[in-house]
Structures are given as structure tokens and as C-alpha cells.
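Taking the form predicted on its own, here's one chain by itself in C-alpha cells.
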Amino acid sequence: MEEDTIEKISQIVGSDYISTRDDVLLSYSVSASTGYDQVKPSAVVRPGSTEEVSKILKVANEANLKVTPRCGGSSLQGEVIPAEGSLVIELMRLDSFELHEDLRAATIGAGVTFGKLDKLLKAYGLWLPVYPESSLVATVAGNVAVNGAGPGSTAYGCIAEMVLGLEVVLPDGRIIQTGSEANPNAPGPFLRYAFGPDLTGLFIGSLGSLGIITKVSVKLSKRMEEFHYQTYGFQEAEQAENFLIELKNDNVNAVFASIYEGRILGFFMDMLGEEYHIPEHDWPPFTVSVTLGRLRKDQLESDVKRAAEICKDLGGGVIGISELPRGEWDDRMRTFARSSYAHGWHWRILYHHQTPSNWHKSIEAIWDVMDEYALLGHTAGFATGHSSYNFYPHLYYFPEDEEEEQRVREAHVDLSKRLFKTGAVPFKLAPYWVEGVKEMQEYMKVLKGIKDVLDPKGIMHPGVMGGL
């Protein structure tokens, strides 16, 4: 990066908030994505306001400088790995919080983590009922940029369903507001689908390639205090899949529900069973772990009874071990990260959505790939929203074994092709989807056209969104 560009940015944020030190650049060359190569930026800047972000992007545009937005860095598919020589814009100083209590909404800065937000909202008896399983470091804005999901999504859907509006700085430095807040006279965020097409949705899942999200307005809910934890066993995959479907059809409020195939559950027992005090058990071929949540005890009791009836009607049985779903829910802000790193493996992950009735097709594809490539791995997931199941299979390798790592990279692309054939869809548009799935070419051309309009110089986070 040119010295005069660094000086211009330094004048915007102050010399304490821009760095070109090698140890700092090294820290920003990686994320939580252990399976991705590190790339060092040329500088890191930490703006303290939306206006500073705007001024920085104007300088970057003028200098044709590539930029990479970053919040907590907890992404798992290389989403915040910078382009070589680019400028990382780290947003953690944007930590504002505004509660709109009468609208059951909040507007929060890009640097606010889910953990911090949960603490702020708890004082008001409120919550944002969707958590990524890295919530102690993951920010809400970062999660919106990848359209994440997590515990709570079984009832409420992905984070996109919670968003009422965004403040975004476009690549040329313009600041825009979406949703009802685009009217400066509006009392706050109360309607996302205002002013015509869903401009908010354009930036959700865009991985920071179309602009930088600096504030997010989200729906809030009254905080639940009534929960019930149970496991249900089935002999056939179809029974377990139909159990999830019928829970939804009967409006049984599962806030987190996962199907475990026997071999995978055994793997998780090795990882977390002792820590969660899960008793030894002869688990059935398919186990469904469910956390039910309601505001009132009578509502919860009704759900508990109905869930048991549905299970029985489908030929299953109530297992009676509550420690598994309770551990998942109580530890929802950090379970995933801890279990993933428990044994020191590196891994690649492949986020995708299936329908609950196609759950077994993803499982079959994942096992086929692991067997053919002779890899260690597992998959986890949970029911998500109206009629979806969120999967995140892991493919493990030892970091010292270069040959095994290469096999994982090849298997990763191959698996995306096979999953696409089963009807699965990506929700984090990582490069391997575009590399492996030729049927997406026309779709990608449309995205490229949008990118070219908003970012004609291509400075915003090049390489993500399938290489745009």
C-alpha cells in the first residue's frame, strides 16, 4: 500500500487505529477457518464510526485498493481471509446499542457480539432468539453477512428472518439505510419490506462483497424461561425425519432439534459425552435431540405431551435422556467451536440446507465421500425455520499430513456437487460451490452484474461469493 494512502487513512481514524506491523498483519491473515491458507493484508484499520468507514472507502476507491471487512473473525469457510495486499477494515469499535422497546427491536453496531447483546437484552427480559454456536466472539452484523443460523433457528429460522433493516456503506462511500428506517422520520425499525424490493436482502449473505454493514436492526422477542429437554429414538431415518415435520405441523415449539445417526452420535459422545454427563446408553439407529421452549408452563406441558404422542405414533420411543439436548442448549454460545477443536484436527466444513425429508440424502452423500476419500469426519445439523434442515459436515485431516489435506480439498468440492444433486442449497456462497456446481453459472452471472454496478472497480472483498 502506498505511503500517502496510509497517511490519508491515518488522518481519518488517528494513528493509533491503523497498523502495518507484521505481527498485527499476521493476526488478521487467518480466521477460525483452519482449513484455509493464510493471506496477509497490507494494513489493518479500526474505524470508530460509520462516517469513518465511509471516508476510508472513498480513499480506497480513489486508490483502487482492495478491502476486506471483518468483525470477530469466527467465520469457518475463509470468509474473512483477506486478498493479498488488501486493507482489512475491522469493525469491532462500532459497538453502539439502541433499544426500541415499544417496537420490540434493537439497532446494534457491527462490533456487538451475540454474547454482549444477550447480556444487554437480559436486563429487559428480551432476547434475540437465534445464536451461532460461536456467539461469544461472533458479531450480529458478521452473522448477517453470512446469513448464519444456530440454536433457536429451529423455531425462528436463520438470522435473516430477524433483520428489520441495515445501515450499509457502499464501495464508493455512500451510506444507505434499508427498511422502514430509510425514512428518517420513522420512529425506528418496524418494517423490513418497505420502499419496494427487499434491498436489505441484497446484503444478507453477501459476505461483505457489496458493501460494509455498519448497523443491524433486529426483531426481539420476550425471553423464554420455560424449557424441556428430551431425546427420542427411531429405527428408520424416515421416522426421525417425519418426527421433525410433524412437530412443525403441530406447532410444537422446538427451539433446537437435531437428528443424530448412530455412528455420528457415537462420535459426539466421545467428544462431549463425559463433559455433559450423558449416561451410557444403547442408542437407537436414529436419535432426535429436542429442546422445547415456551413463555408459559402450560404451553410447554402441552408441547411435551404432544411431542411424545407424535413420537409414539411414528413408531418411535421416548429415550428419556435429557442431558444431550440440555447440554446443547445451555452451551449454545460455544458448543460448536469447542467440539470442533477438541482433538486438534484441522477441518473443512460444508454448510448447506436440506429439507427434513431429504435429511438422509445428505447423510448418504457425506458417508460416501468420506469412505471413497478415506477421510475422518462427521456431520451435525439442526432443523431450521419453516421446512429446512441446516447441515454442516466436517472433513478432518491432520495438519502435518499434506497428502491428506489435499484429499480433503478435493473431497470438499466433490461433496458440493453430490449434495447439489440431492436438492441441497448453499446459504454461504463459498467458492467450492461455484467451482463444483456448473448448474449455478447463470445465477452467478446475475450476481456478477449486481456486483459490477455497486462496485465497478471490484475493491470490495474480492474472491468471496464464488470468486466475484
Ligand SMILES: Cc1cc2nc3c(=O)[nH]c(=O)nc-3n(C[C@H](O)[C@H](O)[C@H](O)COP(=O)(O)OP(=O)(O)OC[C@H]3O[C@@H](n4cnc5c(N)ncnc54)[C@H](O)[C@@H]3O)c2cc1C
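Please read these numbers as outputs of a predicted model, since none were measured by experiment. Numbers for residues come from their place in the sequence shown, where the first is 1.
One more form of this protein exists, namely the form predicted together with this ligand; it is left out here, but the text below deals with it.
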Honest question, do Leu91, Asn143 and Gly211 all end up within 4.5 Å of this ligand in the predicted complex by heavy atom distance? yes
Whether Leu76 contacts this ligand in the predicted complex should be assessed with a 4.5 Å heavy atom distance threshold; does it? yes
Within 4.5 Å, heavy atoms only: does Ala32 come near this ligand in the predicted complex? yes
Closest heavy atom of Gly233 to this ligand in the predicted complex, within 4.5 Å or not? no
Taking this ligand as it sits in the predicted complex, is Lys428 near enough to touch it, meaning that at least one heavy atom pair lies within 4.5 angstroms? yes
To test your reading of this chain, name the stretch in 221 to 229, 180 to 188, 125 to 133, 313 to 321 whose heavy atoms come within 4.5 Å of this ligand in the predicted complex. 125 to 133
Considering non-hydrogen atoms and a 4.5 Å limit, which listed residue (Thr154, Thr291, Thr139, Ser217) is close to this ligand in the predicted complex? Thr139
Please pick, from Pro171, Pro356, Gly72, Gly381, the one residue with any non-hydrogen atom lying within 4.5 angstroms of this ligand in the predicted complex. Gly72
